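Given as structure tokens, the chain that follows is alone and in the form predicted on its own.
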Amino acid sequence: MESSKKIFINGSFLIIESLARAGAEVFIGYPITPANYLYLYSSKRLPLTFHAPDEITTLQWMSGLSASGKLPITATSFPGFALMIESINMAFMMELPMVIILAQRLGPSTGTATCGASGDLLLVRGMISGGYPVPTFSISSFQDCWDIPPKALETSVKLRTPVIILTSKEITMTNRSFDLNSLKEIKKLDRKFYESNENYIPYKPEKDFVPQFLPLSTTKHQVRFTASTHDQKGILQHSTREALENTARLQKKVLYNLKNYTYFDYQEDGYENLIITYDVSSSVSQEAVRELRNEKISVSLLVVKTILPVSEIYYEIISKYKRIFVVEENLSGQFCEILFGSETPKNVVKINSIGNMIGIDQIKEEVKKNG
């Protein structure tokens, strides 16, 4: 092979191609900026595409296809995602694998479609009634566009849950030169269904708190899915011990298996200053770190890829440093709030922006002033 094979490409193409190779079978969606390219490429690449009349229908169709044994994906931005939330709750309770790509844009309300931001994190964290966590990944580079989606698809299958991929307009719609030879081979997900001759109990958990999956298309066993409070057999119950334990298990399975789907980049350089970032802010943070180090200023960098739930590993890293800088493209500092609560610790500095991308000089100035 050639040592370099550069083409002009956007992140949407890489995201969809990686999902297709990993085993995604069907795209259901309604076009919306900045997720339009994801919609377009899916219609050309995946075996099945359904053009839904709206985002509510999108998630309902995804749930039906997932229950039938397909691996569905969709892509949207804040307005569409807001319409999907009720059905995401349904799919979460039914324990249906699916991947939802959320291309973020400047808010509030329906936002500015062509202005990037990372403003939907708190929405994603709180979208499930009861505050249950949904595995959420963040794409920080074009390389992540290839590496992260297959991991998200695998997580959705292994945990029997909807999974969110956060990205932004700058990644999904911006074209840039990229070397295709830098991409690793993606193997198709080896998905296994329940095979025992014993009666199938749809919500009976294994040791990892995840029940084995069997699609509606089977003729060997009875299969039952329900979004109401239910026992292990899927029978509706309100407040029995088994039903409540089954509901609590939905949180247990996500947290218990977190170590298996925690991904991040950590560049250690002393224990004075640590920059934490994710999504589109990662590139500018990496460049700021490079320049600061050239100026003999010690700065380490943590780029978070698995953003929800928050892994204990992040706190272990944070605990080593005197000063923490959280760089994110929103005004309120949403990931900083998730990490540290509503009252920011004195040794933590939030670096935020609204309407304009955070610049290298802005990061360097804050580190020099507070470091």
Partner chain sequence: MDKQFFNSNKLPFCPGCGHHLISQNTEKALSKLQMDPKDVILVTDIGCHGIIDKFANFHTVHGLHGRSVALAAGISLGLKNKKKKVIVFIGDGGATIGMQHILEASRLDLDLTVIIHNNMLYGMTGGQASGFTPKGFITTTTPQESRTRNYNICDLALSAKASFVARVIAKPDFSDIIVSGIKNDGFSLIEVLELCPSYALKMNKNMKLSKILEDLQEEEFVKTNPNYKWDFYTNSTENLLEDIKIFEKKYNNNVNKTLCIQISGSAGEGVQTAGEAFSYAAILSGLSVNQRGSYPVTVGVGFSTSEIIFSPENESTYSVNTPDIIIITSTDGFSVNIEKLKNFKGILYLDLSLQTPQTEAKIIRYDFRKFGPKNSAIFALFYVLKDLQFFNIESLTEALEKLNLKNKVSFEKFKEDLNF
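Residue numbers count along the first chain shown, from 1. Keep in mind that this is a model prediction, so the values were computed, not measured.
FYI, the form predicted in complex with its partner chain isn't displayed, but the following is about it.
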Heavy atoms within 4.5 Å of its partner chain in the predicted bound form: which stretch among 299-307, 313-321, 336-344, 64-72?
64-72
Can you work out whether its partner chain is within 4.5 angstroms of a heavy atom in all three of 127, 255 and 262 in the predicted bound form?
no
Counting only non-hydrogen atoms and a 4.5 angstroms cut-off, does residue 188 reach its partner chain in the predicted bound form?
no
Would residue 21 count as touching its partner chain in the predicted bound form under a 4.5 Å heavy atom rule?
yes
For residue 109, is any heavy atom within 4.5 Å of its partner chain in the predicted bound form, or not?
no
Heavy atom to heavy atom, is residue 268 within 4.5 Å of its partner chain in the predicted bound form?
no
Its partner chain isn't shown here, but in the predicted bound form which of 247, 174, 232, 240 has a heavy atom within 4.5 Å of it?
174
Going by heavy atom distances of 4.5 angstroms or less, which of 292, 210, 157, 223 would be at the interface with its partner chain in the predicted bound form?
223
Give, in sequence order, every residue of 121-142 that has a heavy atom within 4.5 Å of its partner chain in the predicted bound form, or say none if there are no such residues.
141, 142
